[in-house]
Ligand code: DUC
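For reference, the chain that follows is the form predicted on its own, supplied as structure tokens.
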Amino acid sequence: MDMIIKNGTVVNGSATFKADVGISGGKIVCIADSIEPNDCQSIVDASGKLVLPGAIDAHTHLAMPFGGTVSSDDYFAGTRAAACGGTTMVFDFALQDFGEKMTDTVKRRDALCAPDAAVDYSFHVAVKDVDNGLLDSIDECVEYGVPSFKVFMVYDFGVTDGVFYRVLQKAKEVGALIGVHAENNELVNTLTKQYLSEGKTSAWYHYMSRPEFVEGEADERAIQWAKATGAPLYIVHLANKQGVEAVTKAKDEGYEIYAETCPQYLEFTSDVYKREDGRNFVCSPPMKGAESQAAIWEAIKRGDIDTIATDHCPFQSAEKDWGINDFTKIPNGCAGIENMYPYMLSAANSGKITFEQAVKLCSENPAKIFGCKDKGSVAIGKDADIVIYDPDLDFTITNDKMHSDCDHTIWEGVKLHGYPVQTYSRGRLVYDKGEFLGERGWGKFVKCSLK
């Protein structure tokens, strides 16, 4: 046996128990009350600590071209930060080019960027073009190991309603899962034009141009189309009460609808856009009001939110400053890949949710939903993606402690009770007490299957 983690408390999505965990060849091979360390190369004493499955961040934008620049974290910086926050697998979005087959999109992205990854990774394909037979290339992509796709209802690369509907029909046919960024593009454009014409250009008007109903209406529309086609639907970064209510209703009616939210919506409200540094918080959808925030927390507690992910897409301060006098020039996106798991575990440590719920939201559910069969729990046969968590360690987030390439964090000054002290990726120690110990290129492409 290569390693034994002894004396810890294992937490999975549905069970917590004291056990030793044995690891060999990057896999979990034994879980028992006590494992004898005969001929074991390494013993890790986890007394007083929790032994958790590594988190899976199912929503990141690494080296993402947007707003006239590229997000500040490439695959190495982003996955380095992930490892240091207890995240051992990420999903990135591969944006299809016009005229490009979906599988070629994945291969292009994998060849250009992913060899730098420090933890395991996979992709969702962001769909732009389904004409001239390209819709049928979804079939090939599913077989290749990327069965999840995303459509944007906003931005200049977003799809029309008709294309969205056709993608849902295809997903139902071939067993794919469609994610959606749901906001009403026409309303966003109309409100943006109105505020600019009135000279209202501060970061606050980013929120005002994308208020609750702009997202909520689009959530309802997307769910209605999914119901009509019988296709499963995954709503990304859900941030509003109206959308939460629509998800709950659809689930109660028996439809296969999944909802993801992000830690920034749980910690911050739209008031951040009134701050002097409000432009740093600009992302889409924006943080919403306190009523929406409360609705999201309640949905998490009752199980109507399935996953937590980050939408990690940070930009440097100087780039955010492009919009100091015009909110439309602020690149949209914030850092969060290193903060997600510690934040949700701290919420569990404070009693807001349970540790099992935190693990389910951040690891088990994304593994199940996206078909990562070797991930998501501390169980025999699974990859040894393991986090050792100290529930007594207090931690204040400051940018100088983070491992991103971004020069600021919206999480500056947030205090957490409990923090990861070690992260193992397939049995290899990649983070230890504040220090990244992994390497560029360690991460492997994970082929997923929903079958």
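Just so we're clear, the structure is a prediction, and the values are computed from it rather than from any experiment. Just count from 1 along the sequence shown to find any residue number.
Keep in mind that the form predicted in complex with ligand DUC is missing from the display, and what follows is about it.
In the predicted bound form, no heavy atom of K101 sits within 4.5 Å of ligand DUC. When contacts are judged by a 4.5 Å heavy atom cut-off, W204 does not count as touching ligand DUC in the predicted bound form. Although the partner is absent from this view, S284 contacts ligand DUC in the predicted bound form, with a non-hydrogen atom inside 4.5 angstroms. Contact annotation: G333 falls within 4.5 Å of ligand DUC in the predicted bound form, judged by heavy atom distances. Residue in contact with ligand DUC in the predicted bound form (any heavy atom within 4.5 Å), chosen from H408, H61, H403, R426: H61. Between the options E338, D219, D73, D311, the residue in contact with ligand DUC in the predicted bound form by a heavy atom within 4.5 angstroms is D311.
Of the candidate stretches 114-122, 238-246, 325-333, 357-365, only 325-333 has residues whose heavy atoms lie within 4.5 Å of ligand DUC in the predicted bound form.
For the partner-free chain shown, just F152 of 137-153 comes within 4.5 angstroms of ligand DUC in the predicted bound form, judged by any non-hydrogen atom.
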